[in-house]
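Given as C-alpha cells, the chain that follows is alone and in the form predicted on its own.
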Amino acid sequence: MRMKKFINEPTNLVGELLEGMVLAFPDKVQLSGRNIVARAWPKESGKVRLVTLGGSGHEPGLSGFVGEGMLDYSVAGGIFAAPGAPRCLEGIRSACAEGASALLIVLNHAGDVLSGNIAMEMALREGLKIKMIITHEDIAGGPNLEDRRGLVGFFPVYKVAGAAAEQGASLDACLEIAERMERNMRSLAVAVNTATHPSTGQPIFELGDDEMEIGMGQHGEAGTGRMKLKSADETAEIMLNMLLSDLQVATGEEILVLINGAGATTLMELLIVFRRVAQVLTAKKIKLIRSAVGEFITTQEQAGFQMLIARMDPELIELWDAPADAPFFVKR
C-alpha cells in the first residue's frame, strides 16, 4: 500500500520538522547549531545543563521536552538514526560553555550509545564538565540490565533530573537522582500494527491482522513473542504483571505509571488500558501515586503502546511535581 503522509522532500524531513517546532513554540525553544534544539531562554549561570541525543521520527520525543525544568539541549539525528558524535560534541560544548557542567542522557540503542560514548571521550579530553547516564528499562531485553533497551523511561529521568538541575543541584546530585529514577523503573511495549519509514515508505515490520507482539522495540525490534490479539484488559494485565514482577513491587509501595501511545493508538484506547492498570493496582494494594497518559515518544503510525512503572520515593515525587515548561509537557 502506498505511503500517505503530508511531507515534502524526504531529504528535508528533519530540518523542516525542527523548524516547525521552534516556530510553533518560540517562547520555549530555538535552534542552535546543526539540528540542535535549545531552550529559548538559557538556564541561570551555575546550574547543571541536561543534554540528550537521538533519532528523529519519534515526535514529541526527544526534542519536545526541551524547556524549563527539563532538557537544555537535544541533538536530533536523522529519521530513526542517531546523530554523529561530532554533532553530539557540539551540543555538549554549548551546554558546558563558560565552565558550566552538564549531564548527558542517552537511551540504550546501539547507535545512540556509540555516538554518546565517542562524544563523551572527546568532551572529557577538552576538559568539559560532563557525565553520562544510559537508560535501559525495557524488560523485553532479558535479565541483564545492560542489554535492555531504552523506551519511554527517558521521560521520568528528564523530569526528575531536570527539576533537580533547575533547583540548583550539583552535577553529582543530578546524576544520582537520574540513576535512582532509572534503576527503579521498568517498561514494556506492545504493537498491533507496523509503521512505515517516512523517507522510504517501507514498513518496519509485519504483523498479521489478528496478531500482537509484546516486547516490541522502539523501531520494531523483535519482542518476547507474538500472540493472538487480546482485549485491552487482558493486554494491560499481562504487561502490568510482568513489570511488577521484574521490579519486585510489594504491597503498599507507591508507583508512577506512564502509558505512552506509539503513534496510531487513540487516546480512547490508552485511557481504557490505564483504567485496567489502576484497577489491578488497587486490587493488589499498590498505590498509584502519580501517572501520565499520552504520546511521549512515537514511531510514526505504529499502533500499540508502552507501559512504564516506577517505584517512587518522597524526593522523586517532589521532583516529578516540580514546575516544567517544555513544548510537549507543561507542569505548573
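Heads up: residue numbers just count along the shown sequence, starting at 1. Not measured: the values here are computed from a predicted model.
Same protein, other form: the form predicted together with another copy of the chain, not shown, and the subject of what follows.
In the predicted complex, another copy of the chain sits beyond 4.5 Å of every heavy atom of Gln167. Among residues of the shown chain, Ser94 is not one whose heavy atoms approach another copy of the chain to within 4.5 Å in the predicted complex. Another copy of the chain in the predicted complex is not approached by Lys287, whose heavy atoms all lie more than 4.5 angstroms from it. None of the heavy atoms of Ser245 is located within 4.5 Å of another copy of the chain in the predicted complex. With the partner removed from view, the residue among Leu229, Ala250, Ile238, Leu124 that has a non-hydrogen atom within 4.5 Å of another copy of the chain in the predicted complex turns out to be Leu229. Interface residues of 59-94, taken as those with a heavy atom within 4.5 Å of another copy of the chain in the predicted complex (partner not displayed): Glu59, Pro60, Glu68, Ile79, in sequence order.
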